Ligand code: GLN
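Okay, here we've got a single chain as structure tokens, the form predicted on its own, with questions on binding and movement later.
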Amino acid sequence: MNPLKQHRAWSRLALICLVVAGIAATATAQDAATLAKLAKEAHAKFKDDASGKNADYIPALAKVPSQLFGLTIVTVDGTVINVGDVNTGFSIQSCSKVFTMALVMQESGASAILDKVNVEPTGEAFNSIRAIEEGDGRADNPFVNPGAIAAVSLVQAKSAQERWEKILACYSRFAGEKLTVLDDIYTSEAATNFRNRGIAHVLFNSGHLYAEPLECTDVYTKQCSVGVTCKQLAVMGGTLANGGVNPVTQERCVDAKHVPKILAVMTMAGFYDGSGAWAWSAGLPAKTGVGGGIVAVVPGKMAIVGFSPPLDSFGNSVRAQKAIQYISENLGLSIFGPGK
């Protein structure tokens, strides 16, 4: 089978399994003591793992201390469990794409994402231009760079400032705290984002970017440069686990009807070309960022966030994914069944 078709077949199977599961992991939250014990075990087990390396195509990310490693669990009842470097701010990077997608769906309905961006995996790199040109001119999903830039363009706004303020306000509601941009990350990314500028123009040329290309690229760069801690990102993920309601502030951030679709795309494309292996091993909807963060969602129960800068060849934090997988396996959290 063609590798791209094979990838898509696997992703559709994952979606079918998610639907069959009905996101039915609505049992009560795990015992806090058990969660804390497993988080500590996972942190201790992988803190000395020296594999991977920081993202270096964004100069500022290359300078982040590689030994940093934090884990946070936020349950749907608002319990917070922290281990390690959880108070260190890091750039949200591509984890942001989940929440811009949610904003677009909340404003314009799920069809805006399905029809104008698409929800298929690419089988290509996250910043591929070829994937656009070999398809129908759309980006393939909201989590690759073309799709994320297209999602930014779909935010309802009359100016770049309004577009940016709406995105930042959305993220802050999900986090339950006011978030801000890390200026050093934004400056570094804005000075080197030539490929993303090109992607925006290719999309605009094909009729599938819905605002001015350079404006969309700049706002996208800002959203990736938002600073979060492990707890803030875990509360954002916990909001999705809780059906769109922030488990700490109790504010509704996105309608419940949109959450299964968001989690489906996280399952299919959240780890880029490592998504199949992640579904196989951890079995959780998740999204990674090259800043070293991973947010994983256990529907109806909790979110688990790991942060550590060294990445594998797909751009996913090595320590964070191993730690989350360890917790998932030990608690039988996979949405596809416990496997035990």
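Numbers for residues come from their place in the sequence shown, where the first is 1. In this text, all values refer to a predicted model and were calculated from it rather than measured experimentally.
The same protein also exists as the form predicted in complex with the ligand; that form is not shown, yet it is the one meant from here on.
None of the heavy atoms of Met266 is located within 4.5 Å of the ligand in the predicted bound form.
The ligand in the predicted bound form comes within 4.5 Å of no heavy atom belonging to Leu35. Of the heavy atoms in Glu189, some are within 4.5 Å of the ligand in the predicted bound form. Using a 4.5 angstroms limit between non-hydrogen atoms, Tyr272 touches the ligand in the predicted bound form. Contact with the ligand in the predicted bound form, judged as any non-hydrogen atom within 4.5 angstroms, is confined among 231-239, 201-209, 92-100, 165-173 to 92-100. Residue-level contacts in the predicted bound form: of Asn141, Asn196, Thr72, Ser153, one residue has a heavy atom within 4.5 Å of the ligand, and it is Asn196. Proximity to the ligand in the predicted bound form, taken as a non-hydrogen atom within 4.5 angstroms, holds for one residue of Gly283, Gly289, Pro309, Pro299, which is Gly289.
Counting a residue when any of its non-hydrogen atoms is within 4.5 Å of the ligand in the predicted bound form, the hits in 55-80 run Tyr57, Ile58.
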